[in-house]
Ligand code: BES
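Next up is one chain by itself, shown in structure tokens, the form predicted on its own.
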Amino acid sequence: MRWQIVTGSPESVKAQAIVFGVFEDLDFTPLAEGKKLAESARQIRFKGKPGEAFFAFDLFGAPAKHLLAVGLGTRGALGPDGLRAASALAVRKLHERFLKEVALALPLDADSPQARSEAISALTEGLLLANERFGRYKTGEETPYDGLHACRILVPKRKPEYEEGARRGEVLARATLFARTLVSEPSNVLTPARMAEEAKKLAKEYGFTLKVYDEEACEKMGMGAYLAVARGSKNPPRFIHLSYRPKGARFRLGLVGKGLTFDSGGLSLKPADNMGAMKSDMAGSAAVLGAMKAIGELKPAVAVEAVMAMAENMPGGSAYRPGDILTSMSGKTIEVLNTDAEGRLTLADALAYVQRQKVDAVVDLATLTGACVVALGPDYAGAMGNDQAFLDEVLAAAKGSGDLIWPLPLPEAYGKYIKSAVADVANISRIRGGGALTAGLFLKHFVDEGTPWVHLDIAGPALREEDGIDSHKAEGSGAGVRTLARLALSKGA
């Protein structure tokens, strides 16, 4: 979809439809037929609350245009998240009428240039993210509707921050859509080798340095935990390392993404119900690749080392077994109690590897535990870490990004639940409760003392079971992309 920033009255803008934002005071006075619209709103009990919308076709423009009123809530409470949600809702409503061109009249006249930039960035994200659907495998429709083609964004006065903010919003949205597509692809298409190809394309486009390691190379580096997980599949693993190293960078950020392109559970086989959703077990790596796409476009002054240990967890004849003891890249040994706790094994070696790149801090993202979904539901990711200051930075980057992230504790006392009698650590807890926390404590075993580290468990939002605010049912959400990109921008400021 093409976007354009314009000035003028809503009536003067050329478009099939106008989206007009309305607060709870139901003030339609900027429109010529404002009194009639306010009366129509009251008749249908439209209160201007977030999530509300109605069409008024016959009351706007000559010839008549589709007018969509979208609720914004109270004036003092509107921020980037509200604007993103309002524009995404507008797109969904406009799709119901198969429209192609729209103009948006939402309040963007904030007090400061930064606030105006953030506002239009969020609005642009909502537009683009809600407009695109993953439908490449659908056939049969003669003329499928392909969404909005053009959008004009009304601003009170042309200012540089509007153009800059809208461009940044488009970059973040495109990077998120890239990650969504990777997660939405079926596992027979999106294999470890295919992920390596996607990384290769990004490296070529943005000048990143790329290293892709095969089994032999990983074995030489001592990645016994990662390779054990990959043994049961005929699709060979690929360990991917992308580097972005701009001149003058004073901070080096490590990003690690869980990369199970399919997780059957291995010999600890998952139930058949909903196993197909395990194509999304590489959503952490998709988020890292998406963030690298945004970083390549925005070029922050921070070095980034992005690592993805791609594999399939399958119950083949060479599959690893419960009771096995694995030696990780760090030299620590792991007792396998359940082969379906495989992601943390691949992350153990990925964390060890990325720390050898002399990073100053590390963020890992993983669809790691169902326990996190039980705790926080389908929309929130859980955040854990060993350094409160760095955790606060990650949470600050998430605020207003569209990613919902909630901090969780890492209680040292729970470490007793993953102690092993025969190895340094067990790969699952011996109790049912607190599974997200004990998984985080397992990963902490593989983070060096003094390295700030944050773990994001994105199991809930990674693949949508129903529509999200700006994401779609049965598709990947791109959870984490915007947070990582904004973190990189903040560290390079």
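Position 1 is the first residue in the sequence shown; the rest follow in order. For clarity, every value in this text was computed on a predicted model and none was experimentally measured.
Below, we refer to the form predicted together with the ligand, which is not included among the displayed structures.
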Checklist entry - Within 4.5 Å of the ligand in the model of the complex: all of Lys258, Asn338 and Gly370, by heavy atom? => result yes
Item to check | Proximity to the ligand in the model of the complex (heavy atom, within 4.5 Å), stretch among 237 to 245, 151 to 159, 277 to 285, 414 to 422 | outcome: 277 to 285
Next on the checklist: How about Arg180 - does it come within 4.5 Å of the ligand in the model of the complex, if we only consider non-hydrogen atoms?
Outcome noted: no
Item to check | Close approach of Leu31 to the ligand in the model of the complex, 4.5 Å, heavy atom | outcome: no
Item to check | Interface membership of Lys200, the ligand in the model of the complex, 4.5 Å heavy atom rule | outcome: no
Checklist entry - Contact between Val447 and the ligand in the model of the complex at 4.5 Å, heavy atoms? => result no
Checklist entry - From the list Val70, Leu443, Leu67, Ile428, which entry has a heavy atom within 4.5 Å of the ligand in the model of the complex? => result Ile428
Checklist entry - Which one of Glu305, Asp263, Glu118, Glu185 is close to the ligand in the model of the complex, taking close to mean a heavy atom within 4.5 Å? => result Asp263
Checklist entry - Quick one: which residues from 305 to 335 get a non-hydrogen atom within 4.5 Å of the ligand in the model of the complex? => result none
